[in-house]
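This document opens with one chain alone, in structure tokens, the form predicted on its own.
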């Protein structure tokens, strides 16, 4: 029996992703830096952030080495972010040296023939903005964000091939203002709504600023489209909880893009200026599925295969999410994050290939998927989990900062080189040892 072939379209983009705060190191003017220090004052058993980021991977100084390793993998597009707090350490102060350094970093990608997909906001805020209410104070934040975006677009825009306005505009509202598992560790439905609406406005305003200066540049969003299931399939409360969560954190954003209005529970159908049509492509971040028990999320249940993050191994969910998104929006899709925290490279390879199979299946169904960005290029600081989780294709020895391409990275390089892969054929039943 011949092995099954998973060949991808000739123009399919293969890439990697990272975020500034998680790899650069020494982002001292960020809200996360402050929270990490505050958490050190708590007893170890009560700390909500495992350890401070500190120097991270020192990517700020070692980007040439990291990008040379990306080139050796065959990466065609890399998705970095820029750190708002580096560029605006104070509200009206632009750090020109930081901007110049970011320009050098993007040029380093270009020299290696790697396209740039630049993300403008990946979870963090300048400390001065966070101290005044952060995402829940739209009146303060939106004009400041516009000024920041205009600065980045002016100084870096000619080096950018694809733009992402914000990363996971549904995750910070959910995790930081509802679930209280990320800073500022609140649990307030009102704060959740305020923050979500702010993210929607940030996206629409950034989209307009970019299109005014670079009308042909594709602008998207990196969206963590949650795959949700009722914990008990036939329980009406679990099904209702799943449907409400699905509406609020998945569908309403894209319905807002489609019609320009914000529906319940995020709004009352009012129009948000500039929101309608503010999307050229959809970036999808996918890792897992989870359950709803009434209105409460449940990460897994006994019998589920989980990763080191505690997330359920569920590749089929990506296929279902891609179909859901294609029904919500006609825009093309790029997978902007997908990966696994593990020290078992055979598990990393299995995760990679099983999710690529689901993408291939969706492509065969006619869904327009233009690329795949693996999270992440290197091991990095995994937010409240610190350095305990290893997502990278490139391993980092945090004592020496030595880089080493993992077996999973080598496998990804072969997939990129072949523009696909073959599934090994099962052994011939008639064959004798």
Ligand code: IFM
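All values derive from a computational prediction rather than experimental measurement. Residue numbers count along the first chain shown, from 1.
There is also a form predicted together with this ligand; it is not shown, and the following applies to it.
Using a 4.5 angstroms limit between non-hydrogen atoms, residue 122 touches this ligand in the model of the complex. Using a 4.5 angstroms threshold between heavy atoms, residue 63 stays clear of this ligand in the model of the complex. In the model of the complex, this ligand sits within 4.5 Å of a heavy atom of residue 382. Mapping the unseen interface onto this chain, residue 32 falls outside it, with no heavy atom inside 4.5 Å of this ligand in the model of the complex.
Among 349, 309, 138, 99, the residue placing a heavy atom within 4.5 Å of this ligand in the model of the complex is 309. For the options 81, 289, 167, 198, the residue carrying a heavy atom within 4.5 angstroms of this ligand in the model of the complex is 167. From the list 129 to 137, 208 to 216, 236 to 244, 167 to 175, the contact stretch for this ligand in the model of the complex under a 4.5 Å heavy atom rule is 167 to 175. By the 4.5 Å heavy atom rule, the three marked residues 24, 67 and 378 all fail to count as contacting this ligand in the model of the complex. Looking at 188 to 204, no residue comes within 4.5 Å of this ligand in the model of the complex, counting any heavy atom.
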